[in-house]
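Below you will find one chain, with nothing else, as structure tokens; this is the form predicted alone, and questions on how it binds or moves follow later.
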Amino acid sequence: MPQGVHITSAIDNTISEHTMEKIVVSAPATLANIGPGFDVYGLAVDSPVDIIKAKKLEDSPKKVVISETNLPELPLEANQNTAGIAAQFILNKVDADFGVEFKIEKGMGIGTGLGSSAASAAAGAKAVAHFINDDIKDLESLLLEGCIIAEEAIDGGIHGDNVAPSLFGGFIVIPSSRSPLLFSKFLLPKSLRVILATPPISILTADARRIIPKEIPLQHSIHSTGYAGLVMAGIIKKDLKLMGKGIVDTIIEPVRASLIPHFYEVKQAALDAGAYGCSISGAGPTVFAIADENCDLKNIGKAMAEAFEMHKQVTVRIGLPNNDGAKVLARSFHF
């Protein structure tokens, strides 16, 4: 056997038996609903992101430890944190012979409407998946199931329109989040730009879900289905103007608009400044506008921020399409 091969084999054995593996994982912010696609549509943007520094615990099977976060209001208890809940579910399902330790750096605040809890779950699930050595059948579905369960535990709803795009990237259609789990991913056009205007207030998903109507008129359902089709057609055709025309919601938006000061003024300001469509991101309070690289993005963002008429600063971001979802940024071995 050649000398080089023998040396490589010896090093590999040393790494597997006497080292500690650490990785850094990111998971992106997401927009859910996208107008008429309540609990069905979601897409991922490149910023902001959640970062998890994960360590494989070789001698602690199925144990999840959250040792650090950058938000004091974020629970360190694994069973109260979406990253911990998702990780624990996956570790138990695969009967893992290892555990994980997480240090969580939130890129988005809680209750912003940008899929904050979903991003934590997606990053935690991706970290566990990296450490799994076995060939697990349908691992993607297992990861998504763990993230959905984590979201349900925190928000009280069974819906994957935030966690699926954060985990997989792109534009996600997820008509069924459980029994059966059914979803499909479409690539976002590279020219897509998403203006995100977040006022300095917080809206929890569980609170925003309590006010949605339990029954709707048939005409509203027909209307919503038609416009949801336009959104989907815009994605498939890579026609952002068509997608924007489909962002019309007569069911959820009118109810949740009451939670966001000056929402309709903000929406009109975005459209007047050249945006193709505008609505509430997830449960809010972030308001998003769809545009492309040729639009005056700064002017759209400025118009939206001013329309809130708030004394405190409105955070405006310009998001690029994220078609990758959660991913490992770096890995290292510590001897």
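Residue numbers run from 1 along the displayed sequence. Remember, predicted model here, so these are calculated numbers, not experimental data.
Missing here is the form predicted together with a small molecule; even so, the following discussion is about that form.
Contact annotation: the small molecule lies within 4.5 Å of heavy atoms from the stretch 279-287 in the model of the complex, the single such stretch among 279-287, 63-71, 50-58, 300-308.
Although the small molecule is omitted here, in the model of the complex none of Arg193, Asp292 and Asn322 has a heavy atom within 4.5 Å of it.
Checked against the small molecule in the model of the complex, the residues Arg178, Arg209, Lys245, His223 give one hit for a heavy atom within 4.5 Å, which is Arg209. The closest heavy atom approach of Ser26 to the small molecule in the model of the complex falls outside 4.5 Å. Residue contact with the small molecule in the model of the complex: Arg256 places a heavy atom within 4.5 Å of it.
Proximity of Thr205 to the small molecule in the model of the complex falls within the 4.5 Å heavy atom cutoff. Contact check for Ser120: no non-hydrogen atom falls within 4.5 Å of the small molecule in the model of the complex.
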